[in-house]
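Given as structure tokens, the chain that follows is alone and in the form predicted alone.
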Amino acid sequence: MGHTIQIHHVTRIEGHARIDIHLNDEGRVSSTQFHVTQVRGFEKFTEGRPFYEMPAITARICGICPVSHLLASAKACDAIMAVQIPEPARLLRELLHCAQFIQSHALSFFHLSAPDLLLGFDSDPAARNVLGLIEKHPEAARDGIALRRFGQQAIERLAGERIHPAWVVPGGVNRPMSVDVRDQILSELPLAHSILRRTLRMFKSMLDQFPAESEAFGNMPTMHAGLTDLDGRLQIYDGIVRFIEADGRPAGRIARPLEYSRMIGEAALPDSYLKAPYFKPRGYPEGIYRVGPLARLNVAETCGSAEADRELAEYRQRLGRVVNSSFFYHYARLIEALWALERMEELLHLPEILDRHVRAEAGVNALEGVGIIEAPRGVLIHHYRVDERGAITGANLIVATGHNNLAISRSIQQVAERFLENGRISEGALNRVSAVVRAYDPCLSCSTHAFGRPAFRLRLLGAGGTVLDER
């Protein structure tokens, strides 16, 4: 008889999710569902607050990527003030964001996904974790801790705190960077570089061990979206949001942040608190696209730094110009972290980054503002509306994991169909279903929101787990 397999808790992700895998009478996968089971209400409870409080408030959405929310929020507030922030402030914001990318990518690769990659998808689940990694691969475990520490310490030195810093404010930043801070960060860059070079060599040497995963982990033709500059170089703080087809052809762009709603729609789903953004000209659900490291490297022509561009050339030689397997999010993540280190070094050597003028002052000059940046997980949009006094009358946040919602759901279906064959269910197969979610590095606590009216399902279960009633 057909039945349902439930993965009640997808592990090693940020936030909470459940996966349902429905099997037919022959024991084959008929459908899957990705349930995001939490909701946050930041859009609603910020209504009435002064716009200039929004960066500090929305940074509290997440303890992993607070800097990304801080920056997107500050950019939306800059737009409400209708100011161009001082160039040193823009450079400092980008520098802070590079450090955020490094610490977040280190967390994703070493702490969340490396137990699968280094210990094996079929290894003992009791040891398939960070502690098991420390025992079997102590050098990789130390590298992960050291690389993440570098990123977090750079954030702390620049912004005063590692988590939820108040340094970035509407109009710029609230104090300049000192020479001592610059020199401290510069002195620590070589160690971080050596870790990333070593990790890239290790990962590339392992690629042939995962043919089935490379083939089945979300390997599907979708659109991709990411920020670049006008010359097609990778950007994470400012730029144009470009959409490309699965074969690399241009599909559209967002050149002005306020126009994002012409390209991006949001669909409410009946079985999840996470909405499903889609490419509006294509419609729902055909307008599926992916964001994040894989998509950014697909969209960009170059990274714009020497070592990262050499790695990007090898990546494309191995996998093609546009990579459509989500297994390679891990590979793209490491290349991006290398680029972020090179970009940090470039920024730190600019003389104007030590300039004392780092903030523009203004009041409410526009009743609407949108900030768009690249968070480590993909395109992040903060959209605020205010009244003439500057009080928030409406807010909408479209977070990176939301953009990937449709792709994650389709990837789960693909992996389940590939590894759960003829009703044979192994722990390793179910781990792969969770692992494809981890490949996207979702931050579910960031991405669910109360814009619109999300549906919910209420189940009454008997003592043995049988569903007695459902609404």
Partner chain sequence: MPDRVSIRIDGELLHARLGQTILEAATAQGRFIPSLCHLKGLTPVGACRLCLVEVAGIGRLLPACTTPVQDGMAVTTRSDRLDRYRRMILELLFAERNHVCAVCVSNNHCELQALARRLGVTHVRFPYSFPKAGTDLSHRQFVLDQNRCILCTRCVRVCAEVEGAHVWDVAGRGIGSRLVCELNRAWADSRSCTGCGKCVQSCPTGALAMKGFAAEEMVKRTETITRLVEAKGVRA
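Positions refer to the first chain, counted from 1. Computed from a predicted model, the values in this text were never measured in an experiment.
Just so you know, the form predicted in complex with its partner chain exists too; it's not on screen, but the next bit is about it.
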**Asked** Looking at its partner chain in the model of the complex, is some heavy atom of each of 49, 359 and 390 within 4.5 Å of it?
**Response** yes
**Request:** Work out which of 129, 325, 153, 174 lies within 4.5 Å of its partner chain in the model of the complex, going by heavy atoms.
**Result:** 174
**Contact assignment for its partner chain in the model of the complex, among 354, 169, 319, 119, heavy atom within 4.5 Å** = 169
**Item:** Answer range among 275-283, 145-153, 339-347, 161-169 for contact with its partner chain, defined in the model of the complex as heavy atoms within 4.5 Å
**Value:** 161-169
**Message:** Taking its partner chain as it sits in the model of the complex, is residue 53 in contact with it (heavy atom to heavy atom, 4.5 Å or less)?
**Reply:** yes
**its partner chain contact in the model of the complex: residue 429, any heavy atom under 4.5 Å** = no
